[in-house]
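The chain that follows stands alone, in the form predicted alone, written as structure tokens.
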């Protein structure tokens, strides 16, 4: 958009293509901002799973941007149209900046349902087909601050043919042009920003073409799609992202979809990604697990004493349980499998473990409860288990992004990387 108010102010570009800065001019008043690299607040229909708004705000340093998805909203379009005042007010989100994406990043969508004229989303009532007209009508009803353009994102699987990938790029560019045409002629969407979507599967030439053509359009930023955790080798993912980044303007943000694991986040930040979707804490919570990795790179002993203790690395608590489900921490498309960044509180070893989830963590759960209590809540199927785990996992994950920005500012990103790679000695729990 020619009059885009969203601005990316970079403080520095360090260690490869890693970018440190602030995304300003957010929201209808243009008064809000988001630190980069950063992540969005993941929600189901505007609500962080397991948490009320009051409970959520016991967590400090929450991002200013809340993500909602059409997969949750589309089936409620008639209700929202009757309400008339937009989704933010409908969901009681008040001052947050609202970003509307197409799909829920925590759920892998079935493939084979995209046509030249439609894309499909899946809600509680099943599949819904969206034409450009329907998609844009939804955006007018939701009234977000920015939204992802309609796209054909069904090429993330490694066996997708070159012909299918090319068709995906062509469809996505056509959808973008059609969405921009409606957007520019819509008074209801005045002041709303559009992010173009970069597709291309695992084919370098198509990725570059998609990025180059999308960058020619009047978009405020870019969504890099098709890089979901487990969909491709991390080295290939980094190579493709780096090639895409070279085609994109420096002054616009890049949002990576479907990637949440801390080690993958680090690799992608180094490749030049600015923003991530914050769905990973939810996935960990649904497994009955707690994030338990250390991200403190401070050499100040006073500060180190207040931070979580373990840095992007497997600790003794995790070694056995992770080994049962996932070899060597390799990404897996099975969203129920543990990663090396969490502990499984369902395990009977925790029934008499009276330590907090993470020593030194300042979240409500860690300050008031022990691992043994969380284990009890899980094995007895108490709803409070999800509440406490989501509080901790949300706080821990957003704390990691704060530490990541601090590492970039102090030129210590390599410390996080070395520790993640296991070059330092193993820390005891």
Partner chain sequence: MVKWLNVDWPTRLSTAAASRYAQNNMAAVVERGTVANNTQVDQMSLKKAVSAASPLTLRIVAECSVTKARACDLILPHSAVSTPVFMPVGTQGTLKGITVDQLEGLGCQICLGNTYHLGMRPGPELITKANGLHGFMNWKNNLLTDSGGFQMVSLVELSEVTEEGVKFKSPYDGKEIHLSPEKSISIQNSLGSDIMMQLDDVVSSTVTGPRVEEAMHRSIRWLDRCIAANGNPDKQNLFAIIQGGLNAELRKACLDEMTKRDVPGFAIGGLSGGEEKDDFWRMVTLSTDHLPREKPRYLMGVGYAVDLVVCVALGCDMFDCVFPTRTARFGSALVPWGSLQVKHKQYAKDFRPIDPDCQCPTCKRHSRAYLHALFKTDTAAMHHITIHNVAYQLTLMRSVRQSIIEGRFPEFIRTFMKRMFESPDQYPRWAVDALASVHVTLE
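Residue numbers count along the first chain shown, from 1. Only a predicted model underlies this, so the values are computations on that prediction, with no experimental measurement involved.
What comes next is about the form predicted in complex with the partner chain, which does not appear here.
Heavy atom to heavy atom, is residue 124 within 4.5 Å of the partner chain in the predicted bound form?
Residue 124: contacts the partner chain in the predicted bound form.
Given that the partner is absent here, does residue 400 sit within 4.5 Å of the partner chain in the predicted bound form, heavy atoms only?
No.
Taking the partner chain as it sits in the predicted bound form, is residue 112 near enough to touch it, meaning that at least one heavy atom pair lies within 4.5 angstroms?
Close contact is absent here: in the predicted bound form, residue 112 is far from the partner chain, nothing within 4.5 Å, heavy atoms only.
Does the partner chain come within 4.5 Å of any heavy atom of residue 212 in the predicted bound form?
No, residue 212 sits far enough from the partner chain in the predicted bound form that none of its heavy atoms falls within 4.5 Å.
Candidate stretches 22-30, 392-400, 364-372, 59-67 - the one whose heavy atoms come within 4.5 Å of the partner chain in the predicted bound form
Correct option: 364-372.
Could you tell me if all three of 44, 351 and 384 have a heavy atom no more than 4.5 Å from the partner chain in the predicted bound form?
Yes, each of 44, 351 and 384 comes within 4.5 Å of the partner chain in the predicted bound form.
Residue among 177, 75, 188, 359 with a heavy atom within 4.5 Å of the partner chain in the predicted bound form
Exactly one listed residue reaches within 4.5 Å, namely 75.
Could you list the residues in 51-68 that come within 4.5 Å of the partner chain in the predicted bound form, counting only heavy atoms and keeping sequence order?
Contacting residues: 51, 52, 53, 54, 55.
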